[in-house]
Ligand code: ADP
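Consider the single chain below, provided in C-alpha cells and representing the form predicted alone.
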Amino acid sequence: MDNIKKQNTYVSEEEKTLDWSEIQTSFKKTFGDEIYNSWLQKISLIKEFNDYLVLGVPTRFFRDWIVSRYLDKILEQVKNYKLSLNRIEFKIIEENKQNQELLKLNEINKVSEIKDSILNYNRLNSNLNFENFIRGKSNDIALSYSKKVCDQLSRYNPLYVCGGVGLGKTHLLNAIGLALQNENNVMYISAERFMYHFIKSIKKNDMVNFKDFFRKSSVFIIDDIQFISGKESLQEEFFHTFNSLMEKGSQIIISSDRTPMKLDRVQDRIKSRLSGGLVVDIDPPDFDLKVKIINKKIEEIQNQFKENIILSQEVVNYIASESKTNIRELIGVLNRVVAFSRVNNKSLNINDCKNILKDVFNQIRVITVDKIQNVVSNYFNIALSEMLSQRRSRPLARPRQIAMYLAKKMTSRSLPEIGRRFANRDHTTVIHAVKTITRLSEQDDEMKKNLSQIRSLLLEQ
C-alpha cells in the first residue's frame, strides 16, 4: 500500500491523519507555556498507527524526562483526538547531529553566566550549620562523619548520606559546605539544579563550559542524587564529572533517600562508585530526639518573635509520640499547635491538641508503591512474588490491578514508574488496571468494600 507524508506524519492512505499542530496547541493549553516551550514543542509526529504513535524527540535525555514526567498526560491528550490509541513510542532523531555541534563549542565567556545562575539558586544557608543540628541516636553516625570530613578531606570519599525525606540530609550537607567554604572552592548544588544547567547548556550549545565549571571545585556537594534516575544523558555527564573530581583529589559529598545499590534506573557503574566511599544512614528520629527538636524549635520561635510560648511537657510528649513520619512534618505539627495557642491566647492541654491535630495525624502517612503491594498481597493472602509474577489467573490478576489502581491514586508516581514497580510492566497495563478497578468500584459493592478496607490499612500503618 502506498504511503503519504503529511505534516511529518506517515500513515496509510486509508487511515485518518492526526493534525499534529492541533495536538501541540492542546499541549500548550494543558501544560502551560513553560513546560511546552522547554519540552513538548520539540516533539514531532513520525508515524501514526491505529493503536499507537511514534513520536520524535531530539535526545535521549528529552525522551527520558518526557516519559518519566508527562507521558500519561500526553497519552490522555492524544486519545481525545483518536480514541483507539493506547501507547506512545519515542524515537531519537537529532542526537547525533547535536553531539557533533557540541564538539565545536569554545565560548569561554559563558562560564560567568553559569556561575551567576548557580549563585542565585544554590547559596549555602547560614542557618543550617553544625551548631544547630540536633544530635540523636538516629543521626549520630552521620553527624560524626560529616564533621570528620571537614577535618580530613578525601579520607572518606565520597561521603554518601542517605535517609528518608525530612530527616536532616540537606542540613548536614549545607553544614559541611559552610565549614569548608572559607578555605576551599565549594560547589553545593541539588541534583535537580545540576540537571537544569545540563539541559540549559545543551540548548545553548555550551557543554564545554558546563564541564569546565563543575569539574574545577575542590569540594563538590550534590543533594538528592536519586533525581538522576532514568536520565541516561545526565547520568553519563555525572559519571564523568565524578571521575574527574576523584582523579584530582576533590572531596565529594552526596545525599539520597536510599542507599546506592537501591537507586532505581541508575547505571551500575555509578552505583559502584557511590558505594566505594563511606555510606552513612540517617534513621527516623526516636522519641527523645523529637522532644529535643520540639524544645529547640520553641526556643527559636521565642527568640525570633520575642514572645513567651508555654507548652506543657505533657503536650510536647504527645506531639513527639504521635508524629510518625519525619522532622519536617514534626515541625509543621508544632507550628500548627503554637499558632492555635497564639490566636486563642491560651495554654493548650492534651485534649486541645487532640482536637487540633486529629485530621493531621490521620493524614500524615507515607504511602509508597512497596507499601501498597505488601498490604494488598497480605489482604488477599497471596505471596507478593505471586502477585508480581506474569501469571494472569483471576486470584492474582485482580489484586494486582487493585494494587496498581491504589498506586496511581495514592502516590505521585507516574504510570511508567508504577509499571516498572510491577515487574517491568508497560504503562498501558497500569492504565487498563486503573480503568478496570474504577469501573468495578462503581458497580460492585464487594470491590468498594475491599478498596475501603485496604485504604484504611494503608493509612493506619
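All residue numbers refer to positions in the sequence shown, first residue = 1. For clarity, every value in this text was computed on a predicted model and none was experimentally measured. What we label the rigid core is the largest C-alpha set whose atoms superpose within 1.5 Å from one form to the other.
Below, we turn to the form predicted in complex with this ligand, even though it does not appear here.
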- [ ] Have a look at 192 to 200, 340 to 348, 258 to 266, 159 to 167 and name the one stretch with heavy atoms inside 4.5 Å of this ligand in the predicted bound form.
- [x] 159 to 167
Task: Non-hydrogen atom within 4.5 angstroms of this ligand in the predicted bound form for each of Phe133, Asn139 and Ile293 - done: yes
Open item on the list: To verify the annotation, which of these, Lys248, Lys306, Arg328, Arg391, has a non-hydrogen atom within 4.5 Å of this ligand in the predicted bound form?
Closed with: Arg328
Open item on the list: By the heavy atom within 4.5 Å rule, which residue out of Arg273, Arg215, His171, Lys371 makes contact with this ligand in the predicted bound form?
Closed with: His171
- [ ] Give a yes/no on whether Leu128 approaches this ligand to within 4.5 Å in the predicted bound form, heavy atoms considered.
- [x] yes
Task: Displaced residue check between this form and the one not shown: Leu274, CA, 2 Å or over, core reference - done: no
TODO: Spell out whether the Cα of Gln152 moves at least 2 Å between this form and the one not shown when the two forms are superposed on their rigid core.
DONE: no
Open item on the list: After superposing the rigid core, is the C-alpha displacement of Ser84 2 Å or more between this form and the one not shown?
Closed with: yes
Open item on the list: Thinking of the 3 angstroms or more shift, are the C-alphas of Ile228 and Asn86 brought closer or pushed farther apart in the predicted bound form than in this view?
Closed with: closer
